[in-house]
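Below you will find one chain, with nothing else, as structure tokens; this is the form predicted alone, and questions on how it binds or moves follow later.
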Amino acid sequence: MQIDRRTLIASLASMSACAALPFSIGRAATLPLITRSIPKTGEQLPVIGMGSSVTFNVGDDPELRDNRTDVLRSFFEAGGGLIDSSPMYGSSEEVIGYGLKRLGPQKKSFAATKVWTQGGAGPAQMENSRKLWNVDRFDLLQIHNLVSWQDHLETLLEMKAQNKLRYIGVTTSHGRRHRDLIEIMKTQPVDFVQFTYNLLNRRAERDLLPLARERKIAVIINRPFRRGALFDRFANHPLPSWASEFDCSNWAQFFLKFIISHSSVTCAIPATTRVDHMHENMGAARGRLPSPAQRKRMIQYVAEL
């Protein structure tokens, strides 16, 4: 029988450090939810959101659609807000819309999607996304991987002026586009940027994160688990006992708390297909966060494994 990677991680951690890690899902639920302000407005967002790439691309399968609705339900019940998607993600937008319709209005929902096409086709694609999500308007519309960004930015600024969306963003998941993203951040009136940052990919600390703080731009972090590679890499190692010092009881929270403990990060968007994994992810949004000294210890610990 194949063992799920997080099950293996949890088993190893419990054998070596269970007594030292008193933090639990039950205790987590009693602690305040950690939020960060969107710099341009001061609006608060929970520091853990939800991505949907791959995970919500389940087509018309009714059982899988209902499962993803359960994942959405657990996300909202745990205090989640920002849901991120894209037309690039197959049926993900449609499946999110299916789940939102079944769950009914959610006061904390923060709908964020992207435009991913050539300039002239942007308005039609964004309207199609809105219909798939079944929302009146998006909280955030982002230009996916900087595709045709000049044309889309002009459209988005017009939509924002007409109150057809609330915030404008630009995304990349490719380090080679950092220079382009930096130029946009310096010169264009964007509210959000989205890029990759995690324990093994800290390039954003050099330029993007400091610039976001300087320019008062909210930051969404994608690929926080490096598409699962962090679990694969550390599956045979126990969680350090000192992780309890910042209320961390599993590797998912270890990875996420490192990210959201950076003061320039607004929200991280892990993706999952499972309710139990959603509970783990959302647990990172409660309790203490690592201090600068503890962050250095986390980096050193994984580097030595």
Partner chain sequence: MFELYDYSLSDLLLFSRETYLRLLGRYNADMWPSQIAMMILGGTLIGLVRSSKLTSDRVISVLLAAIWLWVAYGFHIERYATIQIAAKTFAVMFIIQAILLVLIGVIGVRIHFSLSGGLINRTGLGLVCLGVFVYPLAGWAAGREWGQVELFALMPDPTVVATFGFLLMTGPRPNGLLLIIPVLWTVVSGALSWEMGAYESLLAPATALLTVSLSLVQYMQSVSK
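Please read all numbers here as calculations on a predicted model, not as lab measurements. Positions refer to the first chain, counted from 1.
The same protein also exists as the form predicted together with its partner chain; that form is not shown, yet it is the one meant from here on.
- This chain lacks the partner; the member of 109, 222, 117, 155 within 4.5 angstroms of its partner chain in the predicted complex by a non-hydrogen atom is 117.
- Contact annotation: of the candidates 135, 182, 235, 147, the single residue with a non-hydrogen atom within 4.5 angstroms of its partner chain in the predicted complex is 147.
- Contact annotation: its partner chain lies within 4.5 Å of heavy atoms from the stretch 53 to 61 in the predicted complex, the single such stretch among 251 to 259, 53 to 61, 35 to 43, 276 to 284.
- Contact annotation: residue 91 falls within 4.5 Å of its partner chain in the predicted complex, judged by heavy atom distances.
- Of the heavy atoms in residue 227, some are within 4.5 Å of its partner chain in the predicted complex.
- In the predicted complex, at least one heavy atom of residue 177 sits within 4.5 Å of its partner chain.
- Contacts with its partner chain in the predicted complex, taken as any heavy atom within 4.5 Å, map to no residue of 273 to 305.
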